Every structure is written in structure tokens, then in C-alpha cells.
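The chain below stands alone and is given as C-alpha cells, in the form predicted on its own.
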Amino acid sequence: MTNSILVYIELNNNQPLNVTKEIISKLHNCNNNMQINGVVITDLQSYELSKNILLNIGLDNLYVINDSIFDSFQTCIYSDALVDFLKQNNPDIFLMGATEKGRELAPRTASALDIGLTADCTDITITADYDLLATRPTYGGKMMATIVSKTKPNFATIRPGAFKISNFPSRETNVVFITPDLSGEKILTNILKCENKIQKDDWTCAEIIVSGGLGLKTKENFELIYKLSELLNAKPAASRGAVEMGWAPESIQVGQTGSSVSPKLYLAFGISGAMQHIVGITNSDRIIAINTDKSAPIMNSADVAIVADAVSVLKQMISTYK
């Protein structure tokens, strides 16, 4: 796999996760001429149910590591199969989503291969020499560090929502089936029952997101975020500060320790916009910030910065859209 990039494809309910599509979209935007390959670990039945999508996401080659044992996720077995594949194929760059399973699989794989791992990245660049420049928050989100790995393959996990999904170029995908040697595997656990969770609507990809921060001052005022969101057919969100105050659940937190979002419009009410928050909204098409402090960091990142009381603006917008 000289001069190639390999993407680990994670399936859920026989569908590749959005983060997989986001990574592949980003790679196509980096360079349309690079070879982009994918590897999926699954059983043949699941592959058959997902292949129509897998063959239309812009891959040059799709490697299907298949065995009936892969009908349920087991970190040790998946990792061993992946390590053997990487040893035999040697891609220049290997990328994986920083999902719950990805965060189990990636460090175990990196350790077995004795290679570096740049985790939870929010941006990547591919050089002409097929080196990976991986960018991630550091020092508690106060800085963004770009890291160059000294080992091959350059390995990184990508934060879900870090990139936008774009239209995939038409490529004829060559499918290679691989039956791994599992004769030496020890099954350390027995899966008694599996229940696939139905994926809920991904609010991080909503077209409009209405978000509130500490500048709203009280939980009662934060309730206005929900009211405006409903009127605009938008999704509500919150800064870390608002979540820590108990005004909003952690599930809608935006930022380094929350979710990354990519709406067409991000409305920020009373959010100061520390680096930890900004890294979560960089893929927004348009940001409108309302804050009484014209020097708040978010005002520099906003397309439109309104110096005003966030609560007053919220109430006025709710009155208008009613």
C-alpha cells in the first residue's frame, strides 16, 4: 500500500458511521488524486447489508476482514485481526473515528504495532510525501497542537463532527475479502445477547443550532434557548459552563469535552467562546454571536457579532417568530 491512506470503517446497524464518511470526505477535499482505501471488520451477512453504501463512498479499495465471530464487537479479537492486516499491508496513513469502540481499538492497535497515535484530532493535513499533520486541542483546550508522527503508518483518531460530509466522487471500488487466521485466538468473553441501538437523529448535523452560555445568567433564562429552537426548527445546545451550572444536559454540550457541530447557522447567546468551545464550532458555515462583551473571544470567530444583552435578544426573537 505505497502512498496510500487507510480508513477504518465502523458499522452500526449495517451502516457506516457518519465519522467514517466525514473522514473520507475530508481526504477527498485534501487531494482528489490520493489513493483512499477502507478496511471493515464484519461478518459476511452484515457486509451484504451494507455493501451498497460502502461501494459508494469514494474508496479505491475496500478490504473486508470477515468471519462469523465478527458479528459482535470484541476488542481483543478485532484488534488482533486489524494488527495482522496492517503488518501485511503497511499503509502510509491510518485513520479511525474517535468513537467509543474506536477509543478501545486504537490504543491497543497502536501498542501492538509499536507506533504513535494522535488521538481525538479536529483537523488533518496530508503532505506531498504522504505524511500526516494531525491537529488536536492541548493544554486543556487552550492551544491547538499540530503533531507529526515519527512512525509509520501515521495513525490518528478523528473526532466525530470534525469534518463535513460532502458528495463523494465516483470511484470504482475494488473489494478484497480476507479471511483472518483466528486459530490462535482465545475467546475471553462470551456474548450472551446483543441489542442494536437505533441511531437517534444526529443533532450535531442540524442546519440550525441555538446555543446558550453563562451569559444567560439563570436556568429560567436558558429555557428560552429551547423555545427559540422549537420556533426555528433548530436544535438546542449549551456551553460547558451552562452544563456545569445544571441548566442543560451534558448530551447537548458543544466544545472540546462535548460535541463538535457543523450547522449552516450557529447562534451563540451569552457564550464567551474560550478555545475549548471554539474547537467544537469551527465547521459551522455561519456563526452569529450575541454578547454584552465586545471583547469576548467568540466575537472574533463570529461572522456576525452583536453587542447586546443575550436574554433581551432571545425574548425579542421569540416574540417575533411567534
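In case it trips you up, residue 1 is the first one in the sequence shown, and so on. The shown structure was predicted, so the numbers you read here are calculated from the model rather than taken from an experiment.
Although it is not shown, the form predicted together with a small molecule is what the next lines describe.
Engineer: Residue 144 near the small molecule in the model of the complex, any heavy atom under 4.5 Å?
Structural biologist: Output for residue 144 is no: heavy atoms all beyond 4.5 Å of the small molecule.
Engineer: So, residue 310 and the small molecule: in the model of the complex, are they within 4.5 Å at any heavy atom pair?
Structural biologist: Yes, residue 310 sits close enough to the small molecule in the model of the complex that at least one of its heavy atoms falls within 4.5 Å.
Engineer: Mark residue 258 yes when one of its heavy atoms lies within 4.5 Å of a heavy atom of the small molecule in the model of the complex, and no otherwise.
Structural biologist: Close contact exists here: in the model of the complex, residue 258 approaches the small molecule to within 4.5 Å, heavy atoms only.
Engineer: Is it the case that residue 235, even though its partner is missing from this view, gets within 4.5 Å of the small molecule in the model of the complex, heavy atoms only?
Structural biologist: The answer is no: residue 235 has no heavy atom within 4.5 Å of the small molecule.
Engineer: Among 214, 217 and 292, does every residue place a heavy atom within 4.5 Å of the small molecule in the model of the complex?
Structural biologist: Heavy-atom distance to the small molecule in the model of the complex: all three under 4.5 Å.
Engineer: Heavy atom within 4.5 Å of the small molecule in the model of the complex: which of 59, 65, 274, 27 fits that? Just give me the one.
Structural biologist: None of the other options qualify; the answer is 274.
Engineer: Of the residues 254, 36, 41, 267, which one places a heavy atom within 4.5 Å of the small molecule in the model of the complex?
Structural biologist: Contact check passes for 254.
Engineer: Want to guess which of 172 to 180, 89 to 97, 237 to 245, 120 to 128 is within 4.5 Å of the small molecule in the model of the complex, heavy atoms only?
Structural biologist: Going through the listed ranges, the match is 237 to 245.
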